[in-house]
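Heads up, what comes next is one protein chain in two forms, each shown on its own as structure tokens, labelled structure 1 and structure 2.
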Structure 1
């Protein structure tokens, strides 16, 4: 959620509108929202005045009754009853507006950092740095999905039989490989100060609102209507919401968290995209990194968080590049995002394997995660997260980068790198 103070000044409103345009969002709804927002504010003011009147008179009635002045009390009661009816009417009007206003307020995207380049889509993302080199082969390397079927590493047919398209089954060595790299990643992050958590994979709506999945992105995850719970699309949700509705002490910051979880995504808008292999699937595992930071330190932490994710790829000797996402490609909750894209020699392309974002106070406001600053005042902290890294995509990358001429994978080499 944006700082509501922005809505109070012309500068603030201009800033929100420019930000919407930069993100390629529609500003029509926002103008309509502003009208309702101010209307609601006015009504709230009126409500408070009436409530003040009622409180005062009710107190008076209490005094009159105690003094035995029954008649005067009854007269006043009739008057206050009228006020009560007015209050009830205004409350109805406010409630009608409130749902709409809240929804828009929760749907407005974060203000982008000034360093974010303008652009429509991923073609406008900015190359920040590259690490390593594309591997060379004395044969024509295969994409991971061909390796997968050639040696029965991954069973796509039975995955589909069990659950439908975009589901799969890992066999033997690949099942083990994913288990091993998750262990490796968690241990690596723990060594660098991240606290490991094992969290629920189903969360309530408050949690989904807290990190920004609701109300606007309800199509992108699985929700179990019967129990009003959602399957987490990323461990960002439970990890960040761990501290929802809490006020932390300044000395507790920063809090570095990590967790390995499965992630569930509907991929509703991705029909026909990445249909082969395990790049875009409904269920995958991921090691997540989350930082709760002092507001002044978040951009430092953002760089460190990204480097932490890069470390995983460096240890595995995988060539990658870091991209600064352009305005049109940055997710709504994020002010600034770096994607780490690993090189896949079989597919001959770079694939996003980690996305590291600084949300500033956007999620903290929604989730009411605060800290008590040195003046003893409560203030919203900053949240950040990044994959460290997506395990499924890492498996695919390892398959392509460590494939041998006969289509098998050099597991020995991989395991030697992760001990």
Structure 2
């Protein structure tokens, strides 16, 4: 959530509007929000005036009664009653407006970092760096889904039979491979200071609000209405919300967390994209990295977080590139995001395998995560997260990069890199 102080000045409002335009967002909702916001402010001021008037009249009634002026006292009582009715009606209107204002305020995106380039979509993202070289083969490499089908590594048909499109079943070797690379990633991150957690896969609405999934992106995840719980789209949600409504000590920052969880996504806006294979599916496993940072250190932690995710690919000798997302491609909650894209030689393209974001105090304000600063005051910390990395996409990348001429996979080589 944005700092409410931005709404109290013309410069702040101008900043929000410019940010919306830079993100390619329609500003109509914000204009409507301002109308409702100002109406609410006017009603609150009117409410205060009426309450003060009622209190003053109530005191006067006591004086009149003591002076024996009952007629005047009764007339004033009628006036106080009328004021009370107005107050009750205004309170109803304020509550209605308050709900609308809160909904829009929660939907407004974060203010982008000044280094984020302006652009409409991924075609405007900037290359930051590359690592390694594209692999070479003495044969024409296959995409992972053809390898999977040819050697029965992944059973797509039975996945569809069990759950529908974009579900799959790993058979022996690939099931083992994903288990082993998850173990490898968790151990790697633990060695570098990340604290491992095992978290719930179902979370309440407060948790989804805290990290920005609700209210705007409700159609993008699975929800169990009966229990008012949602399946996590990423471990970012439970890991960040571990400290919701808490005040931490400054000396405890930064807090580095990691967890391996299944992730569940409806992919509602991804019709027709990556329909073959395991790149864009409804259920997948991912190792997540989350940092709770002192505000002055979050930019530094963002760079370190990204390099931590890169380390996974370097250990596996996979060629990749790091892209700085443009304004139109940066998620609503993020102020700045790097995408790490691994090269897929069979598909002959780069695929996002990790997204590393700095949210500044946006999530912390929503989740009320604070720390006591050096002045003894409570302040909002900064949150960051990144995939470290998406296990399913890593499996696909390994299948394509370590395939042999007969279409089988060099598992021995892969396991030698992660032991």
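Computed from a prediction, not measured in an experiment: that's the story for all the values here. For the two forms, the rigid core is made up of the largest set of C-alpha atoms that agree within 1.5 Å on superposition. Residue numbers count along the first chain shown, from 1.
Between the two displayed forms of this chain, it is structure 1 that matches the form predicted in complex with the RNA. Between rigid parts that reorient between structure 1 and structure 2, a hinge sits in the chain, and the option from 151, 40, 216, 220 at that spot is 40. Treated as two rigid parts, the chain shows its smaller part rotated by 27° relative to the larger one between structure 1 and structure 2, based on C-alpha superpositions.
Aligning the rigid core between structure 1 and structure 2 leaves the CA of residue 46 offset by 4.1 Å.
Core-superposed comparison between structure 1 and structure 2: residue 89 shows a Cα shift of 2.3 Å. For residue 75, the Cα shift between structure 1 and structure 2 is 11.1 Å when the rigid core is held fixed in the overlay.
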